[in-house]
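Quick setup: the structure tokens below cover two forms of a single protein chain, split into structure 1 and structure 2.
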Structure 1
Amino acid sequence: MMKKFIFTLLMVASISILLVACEGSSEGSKNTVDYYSDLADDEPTVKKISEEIDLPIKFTGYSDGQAYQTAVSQSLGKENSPGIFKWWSGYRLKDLATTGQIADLTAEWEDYYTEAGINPELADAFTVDGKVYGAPLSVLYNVVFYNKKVFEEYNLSPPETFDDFLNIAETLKNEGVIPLAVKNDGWASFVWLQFFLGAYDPDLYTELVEGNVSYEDERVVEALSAWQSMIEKGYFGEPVKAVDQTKQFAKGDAAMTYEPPIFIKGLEDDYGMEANEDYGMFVIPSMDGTTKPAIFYEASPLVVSEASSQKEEAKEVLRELETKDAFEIYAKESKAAFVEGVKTGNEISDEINEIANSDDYILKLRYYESTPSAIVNAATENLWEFFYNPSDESLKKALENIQKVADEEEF
């Protein structure tokens, strides 16, 4: 259903722990609105928007996700809380909305956002108990990027089956190339849970995150045993910093990586790689070949602090941010877009957007937003430990620990 309205957008991945701030053309104005984000590298993009469409924005960015969540959470409920801040959809938005600390934007959608060309169905991703609490900021799809020069050197092509994918990984490993580059982000270990469950059975993934299937179910174990096998065979590189992951890929030391389109920015800006010339992308095929391949996406909203003294000004700023003019600036600066008719200038990014909106793939909201936060936290911790110590026993133990937390949660 969401294929009709989900489009790719921006975001630039943070690469170091850093706090940055910028003020727009109305610097010093009493109406300046604070805009907080966990994407520190958005600073130049937001600054350009602030200048070009004359918005009084003061941007503050964090590059450490946990520090960001802590800072925002501690500020809410106070008059000096940021007028606008970036958050997450799904359960994480629900957790915040039920506290009453973020503003209801339902009327804003009806009076402004849809009039500006935003697909009204997108509001479903940010709706809690019939009210809309977010304005769309980004929709990012995870795909497998591959280094075309490395693939050409070893006569490889994008896989048509899951077995093809495994054969590619084996060939690369035997040639001394890292098959899959991995970031040293323990919090993001969930991406491999969704990767393998999506390839095994997208419906099983949905049943799991909705609490209708146990993490100890034999089908879940079977799906993640494929991950275990790939780790044991050496198909994953040693986890490294994000900048080193990009370098490994760009230099050809690693041939593939599983990332959203924001990965493209580093390839082009730091290494001059060109879409379809130096790198390409593919979606992982299903394991049995009988289901459509699954694409996992992250939908991020901008929300307004209910108690902030900037609340009304923040709503006015959002009306200008949720327009084609602002999104065109985003697209030019970030090489990513999510509004129909706005092009990124990058062939790969535009292709990702196109296939995600086709009928050939199944779209699934990523795990981080799809299940209660306590379960996500347990899963990321236990799965990261499993990654470093793969075995039948450690997989069994990890899933058992996650299920213990799931048993205590309400879905």
Structure 2
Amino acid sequence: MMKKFIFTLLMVASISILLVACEGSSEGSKNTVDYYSDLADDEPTVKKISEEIDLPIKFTGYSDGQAYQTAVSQSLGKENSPGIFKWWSGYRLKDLATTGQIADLTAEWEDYYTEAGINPELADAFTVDGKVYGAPLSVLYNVVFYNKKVFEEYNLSPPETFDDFLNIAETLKNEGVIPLAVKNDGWASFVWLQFFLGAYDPDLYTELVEGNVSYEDERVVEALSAWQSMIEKGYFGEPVKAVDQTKQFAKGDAAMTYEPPIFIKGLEDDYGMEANEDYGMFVIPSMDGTTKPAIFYEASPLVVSEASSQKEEAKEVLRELETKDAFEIYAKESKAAFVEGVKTGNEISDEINEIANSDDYILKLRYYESTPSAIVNAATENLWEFFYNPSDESLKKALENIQKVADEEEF
């Protein structure tokens, strides 16, 4: 037995050594620009773009967010750091920009991106102290998706007013359908904070995230009381895994979800659902009925490493990526678009892009990016606790705890 074991071992060892010997150097040519991203799924898309537009990009995808952050943050300031990498907007970008390790792209915006048809207002999300550090990779507008079959079955149509929305939820609940599905990701509670603040008063939201209004302000409490009463009435499903949320929605166990357009990809790929046929979308109407409804968006930038030996080439590559042609390819794969006129090939997603670019809605950067991280962390945990145990006291306590952290932050 032992001999057999040793034999197997030797076999395995010799095969492995052979393999190492065969390992060639995989370094590309000098002009290749490294493109790191934590969206490992983007690999085929980026490849397609670099082939069609003929760009020397070498894509490296990370499947784990924390491993990705370690790899990027610890390589910054070094010559071999990646020319281009994906980052987050808002305070996370600010943390990175203050190190001085990422390149200022203000001039690039003026000379190229805007020329190519990228909305210059988007630069706001990537601006730190007057300088723009990011080029948009994606902008995702959060809307409410609804299952059309379920709506048809109970003779429902998208709400015109916030009261309509409440009536729809009531009807669905009485029919045994979960009105709104909820996913249980640790961070996912803040979307409801912005959902209700946005419907209550978009300006109040801005004041809050900028630190001018306290979380214990009575208007904030009033806005979130609407959330509380909806939880208490059973309008929300119990929080489930993200994949299960898609399943609840696709099977009609739940009628609505609040998601960005990439949600569509799961509906199409995993369940074969069709736009307008099986699902539709709407923006939540404002509570007072007069204010323009608010659409929250998340924006992911591509940034350039200042110390990288590829810096100049990276900027050149970015000029080609920040074009309608490149975004068209990206939009078709991700089912989400944000540049005016770029089509995804999906009617619902195109509709989202269209209304977001129209004047009928107010656009707001979502809570996660527009609030200092320490407050976001406190808020997500405390809001979950409130969600699981909704009451006047637990809401008060949650807001009190968040404000405690906010008091110590600089905005």
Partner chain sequence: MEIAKSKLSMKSKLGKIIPYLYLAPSVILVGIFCIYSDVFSLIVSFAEWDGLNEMKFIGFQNYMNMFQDPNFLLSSLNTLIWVVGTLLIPVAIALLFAIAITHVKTQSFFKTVFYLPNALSQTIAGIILTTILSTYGLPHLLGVMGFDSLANDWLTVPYLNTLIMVVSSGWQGIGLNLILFIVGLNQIPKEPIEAARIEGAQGIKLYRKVVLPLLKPIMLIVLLMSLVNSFKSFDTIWVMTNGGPYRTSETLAVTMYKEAFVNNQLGYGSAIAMFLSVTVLIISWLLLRDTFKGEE
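Think of the rigid core as the biggest set of C-alphas that the two forms share within 1.5 Å after superposition. When a residue number appears, read it as a position in the sequence of structure 1, where counting begins at 1. Keep in mind that this is a model prediction, so the values were computed, not measured.
- Of the two forms shown, structure 1 is the one predicted on its own.
- Here I178 does not count as shifted, since its C-alpha moves by less than 2 Å between the two structures after the core is aligned.
- When the rigid core is held fixed, the Cα atom of E328 travels 2 angstroms or more between the two structures.
- A displacement of less than 2 angstroms separates the C-alpha positions of T161 between the two structures, with the rigid core held in common.
- For A116, the Cα shift between the two structures is 5.3 Å when the rigid core is held fixed in the overlay.
- Once the rigid core is matched between the two structures, the CA atom of G100 is found 2.9 Å away.
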